[in-house]
Structure formats: C-alpha cells, structure tokens
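Just one chain follows, in the form predicted alone, and it is written as structure tokens.
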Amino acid sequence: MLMPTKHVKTENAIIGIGADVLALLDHDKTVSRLFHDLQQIRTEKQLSTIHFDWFLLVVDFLFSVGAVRFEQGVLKKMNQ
C-alpha cells in the first residue's frame, strides 16, 4: 500500500497521500492542523477521507525518507 497498484489507487497509497501532505506543508503546521487540512482537501476533491492511523503512517514514511521533521510541536517540510 506504499505504492499504487492495480487495486490501490494513487490517491489512497501512502506515496500519493504523502504528496498531498507535502503540498499542504507550505508553512509549519501541527499534526492535527495538517490532518484537518488534508481531510478538507480530500473532501473538496470528493475523495474518501482517511483514518488518523493511516495519516500517521504517511507522516512516518515522510519522516523516514527525510521529507519532514518534527520540531517543537510542529511538522516542518525539509529543504524549504
């Protein structure tokens, strides 16, 4: 479920949601604010909402590849 497959659409794969998360991180945000913004964007795009545990897997993935950093209670996008 990391990558899209025949049965997992890009918008539901971790890498696809990760791209949306990175696009939303135009400035530092708390985890809950980022989750709320992601849910709002997905609703506007008429995509299914995601569970918070799936969102945390996405954030973990982005952290493990060095795309985000958690510092002083907020998520920061790296290489800004």
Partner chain sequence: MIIKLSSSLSTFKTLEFNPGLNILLAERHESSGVRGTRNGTGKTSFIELLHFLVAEKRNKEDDFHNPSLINNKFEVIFDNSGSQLTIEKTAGEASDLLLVNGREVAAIDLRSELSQTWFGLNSEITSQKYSPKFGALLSYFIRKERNGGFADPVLNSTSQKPWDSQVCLSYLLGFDWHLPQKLQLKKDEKKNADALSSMIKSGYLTDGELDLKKMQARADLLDSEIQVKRRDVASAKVIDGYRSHEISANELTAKIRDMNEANLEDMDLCEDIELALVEVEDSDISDVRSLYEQVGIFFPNQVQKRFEQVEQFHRQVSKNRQIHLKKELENARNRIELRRSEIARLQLSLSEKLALLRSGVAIERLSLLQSELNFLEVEHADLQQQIPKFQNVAKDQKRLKREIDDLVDLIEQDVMERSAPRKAAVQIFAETSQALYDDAGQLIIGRSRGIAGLSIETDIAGKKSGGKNHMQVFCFDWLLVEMAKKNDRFPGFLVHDSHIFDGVDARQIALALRLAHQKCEELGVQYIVAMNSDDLQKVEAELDADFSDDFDLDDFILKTRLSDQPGGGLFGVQF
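Residue numbers count along the first chain shown, from 1. A quick note: this is a predicted structure, and the numbers were derived from the prediction, not measured.
Below, we refer to the form predicted together with the partner chain, which is not included among the displayed structures.
The partner chain in the predicted complex comes within 4.5 Å of a heavy atom belonging to residue 32.
When the partner chain is considered in the predicted complex, residue 15 lines it closely, a heavy atom lying within 4.5 Å. Although the partner is absent here, residue 25 lies well away from the partner chain in the predicted complex, with no heavy atom inside 4.5 Å.
Heavy atoms of residue 64 reach within 4.5 Å of the partner chain in the predicted complex, making it an interface residue. Of the residues in 39-56, those that come within 4.5 Å of the partner chain in the predicted complex through at least one heavy atom are, in sequence order, 51, 52, 53, 56.
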